[in-house]
Structures are given as structure tokens and as C-alpha cells.
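Only one chain is given next, in C-alpha cells, and it is the form predicted alone.
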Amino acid sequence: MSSDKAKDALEMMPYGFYSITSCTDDDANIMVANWVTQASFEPRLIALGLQQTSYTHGLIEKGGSFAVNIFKQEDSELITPFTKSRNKKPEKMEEASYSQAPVTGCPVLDGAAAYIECRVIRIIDVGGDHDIVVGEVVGADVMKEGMPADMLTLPKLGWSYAG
């Protein structure tokens, strides 16, 4: 425990670990994220906390869509190559194995358990270093069935991105 109790408490919150993919007509990117949640039943909305300076932020603004790739714990090695930013690893898309989602064209990574395609309905500047991106679910598929406890989370990796 540290002297920063708010940080300690935030680090206690369990987060999923996902691959967020985005594209425009001439570019695509893969990043990892954990601040992702369903935000509405009707319409089905996904909210994503996205760092304003990330490469993906610009693609989502320009392309107007994103996909959430969900992985099982046993497939963690398929997502970890995308933990480095595009600036640090510019060739990461060349190394990625993926197909295009049918509605948005966003990358769907090979080996993902499921994906959810979203059309951006709002990007909210909340005054911090991350924006909230809200997307309406426009497509999805499940390639590997499983329960929430089977899916990849930051605690299962021993990682934290909070505070």
C-alpha cells in the first residue's frame, strides 16, 4: 500500500484486457485497452477510455468506428505483441494476422474469442488525459465460446493500468 489511497483503491478494480482496432480507408491500428465497458442496453453502447495522444484516437476520430477484440486467458500471447504504441513499434500492423470485420472493416485479430464492432456516436473530452469514446454496437461475432471468468484480464496477467 502506498500513501495514495485513491490510487490503491483504483488499482483494486479488476479490468478486462482487450485489443481495440480501428481503421480509415488507408490505415489501421491495433492497441490494447482495459477501460472498456457496456454503457447501455438500448441502444447497445460501448464506452472506451482512450488516451488523447494515442495513434488510435486519431484513427477513431477520422474513421468513425472501432472494434473490441476479446481474448481468452489461454490466448494471452496473441494480444501481448500489441502492447507497444505505434510510435514505439511502427511495424506492428505488418506482423498482425487479422481479417476485416464485415460492417466497419476494422481488424479482427486471428485467435480472438469474440469481437464487437462499433460506430462512434460521441467522443467526450472529460478534461483529463483520456477521452470517453462512445460507440453503438453494429456487429459482433463469437469464435470461441466461453464464460467471463475465461476471458483475459489485467489481474490474470499480473498487470495494472489504474491510479
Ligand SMILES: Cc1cc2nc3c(=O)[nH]c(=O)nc-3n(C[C@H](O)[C@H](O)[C@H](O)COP(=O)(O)O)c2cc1C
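Values in this document were obtained by computation on a predicted structure and should not be read as measured data. Each residue number is its position in the shown sequence, starting from 1.
Although it is not shown, the form predicted together with the named molecule is what the next lines describe.
- The stretch that touches the named molecule in the predicted bound form, counting heavy atoms within 4.5 Å, is 47 to 55, out of 118 to 126, 104 to 112, 65 to 73, 47 to 55.
- Although the partner is absent from this view, Val138 stays clear of the named molecule in the predicted bound form, with no non-hydrogen atom inside 4.5 angstroms.
- Leu154 belongs to the set of residues with a heavy atom inside 4.5 Å of the named molecule in the predicted bound form.
- Shown alone here, Val133 lies farther than 4.5 Å from the named molecule in the predicted bound form, counting heavy atoms only.
- Mapping the unseen interface onto this chain, Trp35 counts among the residues with a heavy atom inside 4.5 Å of the named molecule in the predicted bound form.
- Residues of 143 to 161 placing a heavy atom within 4.5 Å of the named molecule in the predicted bound form, in sequence order: Leu154, Trp159, Tyr161.
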